[in-house]
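First, one chain by itself: the form predicted on its own, in structure tokens.
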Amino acid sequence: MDFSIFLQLVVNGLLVGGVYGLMSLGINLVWGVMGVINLAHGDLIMAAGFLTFWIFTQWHVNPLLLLPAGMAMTFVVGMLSQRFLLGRLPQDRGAIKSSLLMTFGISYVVINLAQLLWGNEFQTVTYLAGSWTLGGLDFAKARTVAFLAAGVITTFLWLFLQYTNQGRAIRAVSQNRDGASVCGVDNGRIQIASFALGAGLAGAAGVLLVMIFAISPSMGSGYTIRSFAVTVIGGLGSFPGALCGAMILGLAEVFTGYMVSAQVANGVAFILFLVVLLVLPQGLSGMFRR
């Protein structure tokens, strides 16, 4: 492989990986705080993407300006789901199994609503065609803008978790739920806020991903698998690990698509997921703690 082609593939992989990082942070946050795997995560990404496509098609609004709308829609869905559905499940040994079934039901509802509203066709947002050239490398405009936007949102999330009272409460619950409760943290409210925030991050990723890839109502499960694969690669509950895992997945997909085929590249997330579970069950963060 020519070295210039190798560098170009690295650039493409990192640009996609940045958006994958944002996509995975939502599912990582929900797992860290609640111990719940949200099977509807990818479908919320898909729904936000379709909302962006619809508004862009109808009124030609800049997709970046639709980030608040996509995040608000999925934030509300997440908040209501936790408040009235997941929050009512018994907190016993069967809690994880019950939450999986509940989020699967939410996923099914979102998919069918998307099919009812927008049909089953693939759709995309044709925004910022072409590329910028720097140092002999091409930076696709849509991917670069999506990468930068994902970086800004990720930075704001980190600042929120580090320097706000609500963010500190979320981190406290993720580290020790009982200890946080003793210190006066309302676990119920934090769980609602965390699930809603995770869903909001999924919405932001959906707005950005529809600028890069075509979407359809059936693609939500693929985004869920990618998000969970990134989380497992980086280590469950690890913020830096999720970002590293996203870059690894982005690079793996781009190189596989170039060297093998796009169809095989779509299954790379599942392959990496299985390999990491077998070789490094605690992910990259577990390796660094050794």
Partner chain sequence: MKKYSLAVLAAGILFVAALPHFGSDYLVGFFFSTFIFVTVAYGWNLISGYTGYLSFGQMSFFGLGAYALAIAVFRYHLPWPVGVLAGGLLAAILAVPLGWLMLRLRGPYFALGMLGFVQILSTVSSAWSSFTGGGEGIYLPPTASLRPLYYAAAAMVFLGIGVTRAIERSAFGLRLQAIREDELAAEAMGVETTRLKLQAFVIASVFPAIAGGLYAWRLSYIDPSSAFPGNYEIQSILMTILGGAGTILGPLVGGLTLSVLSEVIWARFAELHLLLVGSLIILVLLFMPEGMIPLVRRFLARRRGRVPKTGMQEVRR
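Basically, rigid core = biggest C-alpha set you can superpose within 1.5 Å across the two forms. Residue numbers count along the first chain shown, from 1. Please read all numbers here as calculations on a predicted model, not as lab measurements.
Below, we refer to the form predicted in complex with the partner chain, which is not included among the displayed structures.
Among residues of the shown chain, W31 is one whose heavy atoms approach the partner chain to within 4.5 Å in the model of the complex.
In the model of the complex, at least one heavy atom of N112 sits within 4.5 Å of the partner chain. In the model of the complex, T154 stays away from the partner chain, with no heavy atom inside 4.5 Å. Put simply, V264 is close to the partner chain in the model of the complex: some heavy atom of it is within 4.5 Å. Checked against the partner chain in the model of the complex, the residues I96, L134, A72, L159 give one hit for a heavy atom within 4.5 Å, which is I96. Checking L117, V76, L85, L148 for any heavy atom within 4.5 Å of the partner chain in the model of the complex turns up a single hit: L85.
This chain is displayed without the partner chain, yet in the model of the complex the stretch 224-232 from 64-72, 224-232, 44-52, 239-247 comes within 4.5 Å of it by heavy atoms.
Contacts between stretch 17-45 and the partner chain, counted in the model of the complex as any heavy atom lying within 4.5 Å, involve W31, I37, L39, listed in sequence order. A displacement of less than 2 angstroms separates the C-alpha positions of N62 between the shown form and the other one, with the rigid core held in common.
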